[in-house]
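Only one chain is included here, represented as structure tokens and corresponding to the form predicted alone.
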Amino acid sequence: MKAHIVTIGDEILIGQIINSNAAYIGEKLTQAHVNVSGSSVVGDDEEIIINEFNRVFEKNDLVIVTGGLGPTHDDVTRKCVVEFFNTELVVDYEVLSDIKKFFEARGRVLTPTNEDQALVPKISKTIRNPYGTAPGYWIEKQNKIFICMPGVPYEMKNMMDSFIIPKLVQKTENDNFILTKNLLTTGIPESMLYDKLGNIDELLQGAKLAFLPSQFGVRMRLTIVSKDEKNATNKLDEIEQKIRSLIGRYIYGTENDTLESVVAKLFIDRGLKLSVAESCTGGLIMSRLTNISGSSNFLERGVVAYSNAAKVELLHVDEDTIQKNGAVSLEVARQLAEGVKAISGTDVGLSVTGIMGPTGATVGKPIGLVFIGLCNDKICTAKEFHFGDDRLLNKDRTSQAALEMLRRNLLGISYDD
């Protein structure tokens, strides 16, 4: 089954919001062994929407549409569906009851505008919406499937998970089996990963491998297509092990893992405590770590020592060391890590100091220069990094490199390359 995703909304076209719906739908369809052939975004214009419906419905077995099903004047998707399929609107009394209960539960007055949302295309099967007032539509015509959902993400996700995916799985059980796995890497550029894998064709044996870089690293998506689930699973496992044998040190997780969640688990499993001293990241590392439920089991404290005075007073960095080497230096990074470990009594102290930009560079110390320190009971060391010239990206990259330094240290993996 070949599918296309259409997202409707001017707010997406002009960049006011990110198209997270298409990403979620694409991932869920792939997991259901549906081949996603494309994705498009159109504005709230009836003619453009209908033209897009014509284009994608002709070329695909499945079309999934999100957005434009609300009660306001710019929500025109339902009208376009009615015109496209040459049908009419009828009242769905179950949906009308849902809408009335929705308003009663919130103590709000039901208006005719909201009642109007119970009108659905006559040829559709209604997808009920427990989290909102706009239902979804499932339409089958010409041996094809056309689905519409609201654009509100949590409403769309509920429909996908509870209704659409289970129904699609039944229809695709005789299609090719598509298996994917995401390997998450950090600390190495896309081009170097590619080079380290050697002969890609020989490695993949007909499978697909996509490289998806971000400021945090490179996601490697491995895809296997087979008539047989067992063969697909075995082949994926075989290729994954070959990839790990070549670049395993850079792989920190799979699928939806985050580096902070991986680091947190390592600390908790080992019964270790961590403290963090941040200068240039201003608390970002602590923010990422405290996003993890249970972080209090390993995270003792974080200190944001932004000024030189704070470094000296709070973390006992030697003032002469700052004067001699500068606050952005290997020596200060080591002393920051040592200092935060000492004042907190933790097993590991981590530190970062750097020049985020766009100002602050000096002779020999460019924007993007960062030093990350790590101190435990055996070593107290620091490593130099060079990132780019974008301040916010540099903060992200510094936090990622610091967490990766922790991961490698806990696993005994060298971070000298």
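The numbering used is simple: start at 1 and walk along the sequence shown. All values reported here derive from a predicted model rather than from experimental measurement.
Keep in mind the form predicted together with a further copy of the same chain is missing from the figure; the text below concerns it.
- In the model of the complex, at least one heavy atom of L392 sits within 4.5 Å of a heavy atom of a further copy of the same chain.
- Residue contact check for H33: none of its heavy atoms lie within 4.5 Å of a further copy of the same chain in the model of the complex.
- When a further copy of the same chain is considered in the model of the complex, E313 lines it closely, a heavy atom lying within 4.5 Å.
- The closest heavy atom approach of E27 to a further copy of the same chain in the model of the complex falls within 4.5 Å.
- Only one of 293-301, 118-126, 331-339, 245-253 places residue heavy atoms within 4.5 angstroms of a further copy of the same chain in the model of the complex, namely 293-301.
- Site residues E140, K167 and L266 are none of them in contact with a further copy of the same chain in the model of the complex, judged by any heavy atom within 4.5 Å.
- For the options L203, V90, L272, M192, the one in contact with a further copy of the same chain in the model of the complex, meaning a heavy atom within 4.5 Å, is M192.
- Among S287, S162, S97, N234, the residue placing a heavy atom within 4.5 Å of a further copy of the same chain in the model of the complex is S287.
- Contacts of stretch 17-38 with a further copy of the same chain in the model of the complex, defined by any heavy atom lying within 4.5 Å, are made by I17, I18, N19, S20, A23, G26, E27, T30, V36, S37, G38, listed in sequence order.
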